[in-house]
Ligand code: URA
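We begin with a single chain expressed as structure tokens, specifically the form predicted alone.
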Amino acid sequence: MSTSFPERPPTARDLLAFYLEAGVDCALNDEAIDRLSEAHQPAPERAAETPVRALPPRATTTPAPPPRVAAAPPPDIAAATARDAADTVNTLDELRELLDAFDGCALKATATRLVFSDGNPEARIMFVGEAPGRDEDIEGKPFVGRSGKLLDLMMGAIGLDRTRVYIANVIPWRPPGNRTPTPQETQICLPFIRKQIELVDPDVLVCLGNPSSQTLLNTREGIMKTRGRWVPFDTGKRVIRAMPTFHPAYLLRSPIYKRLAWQDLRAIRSALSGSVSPG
């Protein structure tokens, strides 16, 4: 079976898309470097004009080996360690310190910093996404890029802002190149986000997007089926109301679904006014 290739040459847009898929999402210099130009070609070898006199041997010392980075434990062991560790904390500050010291998830080694939370830890409503992106990795806060700006507008449409909500992600470290977290990475981080929800103890939990909804609500149904439906969620302290809805990044790609997202937001506003019961 032969494979056909497009006849047109790749465009600059194609090259940029390839770079983004490969995880290249920032520039190191203001000007591009043409490494094929003569200035960057290696100098031609020249014959020695005069004999080179050998230098006397010099005493050397063996260089110290580079520091070894401990490899992450196997996923099942890391997940069990995460569950045990999460059970030991009693405050959000302790949970943040625990995550800063936790080395069981390999994503921590490639991320710039921990993206723990934003907003009011005493809020009645909590939004949970999947994982940080590039902007979040730089600033250390969830939902600060384009999708974050849309989330702010969505919250503002029902009278909320970041002083009245609490925002977090299932995964607190950015995956390289914004790739999808693996199931193993998600299971390792799951005890931490569940503990975070327990400590915030909101009245309403909003799962933003399919990965967050499937992970926290233990369902395999897609977001098109689950969005807009209230689901009981046991925080460990009590049963609260949880609703899946579209992730703002999805709405940026598919604005046609903003109408359905608005229906979900209206239901959330009604829940916060006390007119909806769990289940």
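If you're wondering where the values come from, they're calculated on a predicted model, not measured in any experiment. Numbers follow the displayed sequence, beginning with 1.
If you look for the form predicted together with the ligand, you will not find it shown, but the lines that follow are about it.
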I need the one stretch from 100-108, 79-87, 122-130, 187-195 whose residues put non-hydrogen atoms within 4.5 angstroms of the ligand in the predicted complex. 122-130
Do Ser147 and the ligand share at least one heavy atom pair within 4.5 Å in the predicted complex? yes
Is there a heavy atom of His247 no more than 4.5 Å from a heavy atom of the ligand in the predicted complex? yes
Wondering, does Pro142 line up within 4.5 Å of the ligand in the predicted complex on heavy atoms? yes
